[in-house]
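Form predicted alone, single chain, as structure tokens, below.
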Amino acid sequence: MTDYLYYPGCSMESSAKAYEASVEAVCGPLGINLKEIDDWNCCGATEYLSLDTTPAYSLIARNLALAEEQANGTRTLLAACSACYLNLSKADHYMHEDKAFGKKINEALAAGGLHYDPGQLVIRHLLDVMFNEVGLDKIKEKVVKPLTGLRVASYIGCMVPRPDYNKHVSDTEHPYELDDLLKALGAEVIDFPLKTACCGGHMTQIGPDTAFELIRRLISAADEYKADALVALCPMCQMNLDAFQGQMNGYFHTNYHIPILFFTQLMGIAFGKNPEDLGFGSELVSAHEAMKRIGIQTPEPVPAKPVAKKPTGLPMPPPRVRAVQQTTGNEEAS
């Protein structure tokens, strides 16, 4: 077993529970021992960095300081969430490149009895470790149920390949790591031209018109290339394309139905793991029919129960959007 410091991030315990479950299911057989950082905190996602730089990076760097303290012989800090990976990488890079900035961050950390020496940790995404450390040969050895006949679009998103400070990715626009890993599982991988395009992030809450167009581009491209599923490695990307696919369909009068799965879920299926143990059934756009085509029975998603209104606090309704008049792509009969 190889030990890796592990920063899970907030999504893995909430919206990306399927990712967390499938990561745990496949890491053990591959000899990856994840040592979760004790007392980690939220990385701030995307919003906090736009509000105030110093406290935002201090929040991120606190995790780096804790990881450095708890390293115990390993220098690699692994993150499965792309946003977390990017924030940790940026904090380490900026503190190293700008000594004055690094000093300011450490002054903030000192208030909590912490300190981080930039460059002491190597921050890596889970896909990078799977591809470059574990290797495709070992992954192929674990395959007992090849994904033969499953046609997939590999979607790496915009945060892992850019900026690639430590040159961990093959290409910033057209990386091949996820493609090759899925091929090693036996899947048919389409040449997906939007594999590093942005999903819109939190634009669904800020500018739904823009968000739905970004989501439509990705989903319609996967549909055009006749993909059975789109495979992601970022909780935010997965959530946007899965949770908002229905609203996007309503906005554009389309009827796309492309399940959005985490790459570790498909690794688990190929390794012979139980679909329920990999989080199948928790997706909103059902993967049941897609997986049934290759002889894998997965549970249908259970409709979510209505959430009771909080007695206090501001209401947070979904954004109201105006549907466009023209029809686009895979049109629903009216």
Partner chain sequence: MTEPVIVSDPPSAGPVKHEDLKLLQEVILRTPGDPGLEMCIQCGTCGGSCPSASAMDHTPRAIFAMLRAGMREDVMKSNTPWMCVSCYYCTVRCPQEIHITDVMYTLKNMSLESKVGGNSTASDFSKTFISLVENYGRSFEIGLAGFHNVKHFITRLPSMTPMAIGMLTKKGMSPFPPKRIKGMDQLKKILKRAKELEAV
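Residue numbers count along the first chain shown, from 1. The shown structure was predicted, so the numbers you read here are calculated from the model rather than taken from an experiment.
The form predicted together with its partner chain exists for this protein as well; it is not shown, and the discussion that follows is about that form.
Shown here without its partner, the chain carries Gly44, Leu49 and Thr53, all of which come within 4.5 Å of its partner chain in the model of the complex through at least one heavy atom. Among the residues Leu214, Leu127, Val189, Leu77, the one placing a heavy atom within 4.5 Å of its partner chain in the model of the complex is Leu214.
Of the listed positions (Ala184, Met159, Leu147, Ala222), a single one reaches within 4.5 angstroms of its partner chain by any non-hydrogen atom in the model of the complex, namely Met159. Between 226-234, 116-124, 134-142, 166-174, the stretch whose residues reach within 4.5 angstroms of its partner chain in the model of the complex through a non-hydrogen atom is 166-174. Although the partner is absent here, Asp242 is a contact residue: one of its heavy atoms lies within 4.5 angstroms of its partner chain in the model of the complex.
At the 4.5 Å threshold, heavy atoms of Arg151 stay clear of its partner chain in the model of the complex, well away from it. Interface membership of Thr298, defined by any non-hydrogen atom within 4.5 Å of its partner chain in the model of the complex, is ruled out. Interface residue remark: Gly281 is counted as part of the site for its partner chain in the model of the complex, having a heavy atom within 4.5 Å.
Shown here without its partner chain, the chain has Leu86, Lys90 in 72-92 lying with a heavy atom within 4.5 Å of that partner in the model of the complex.
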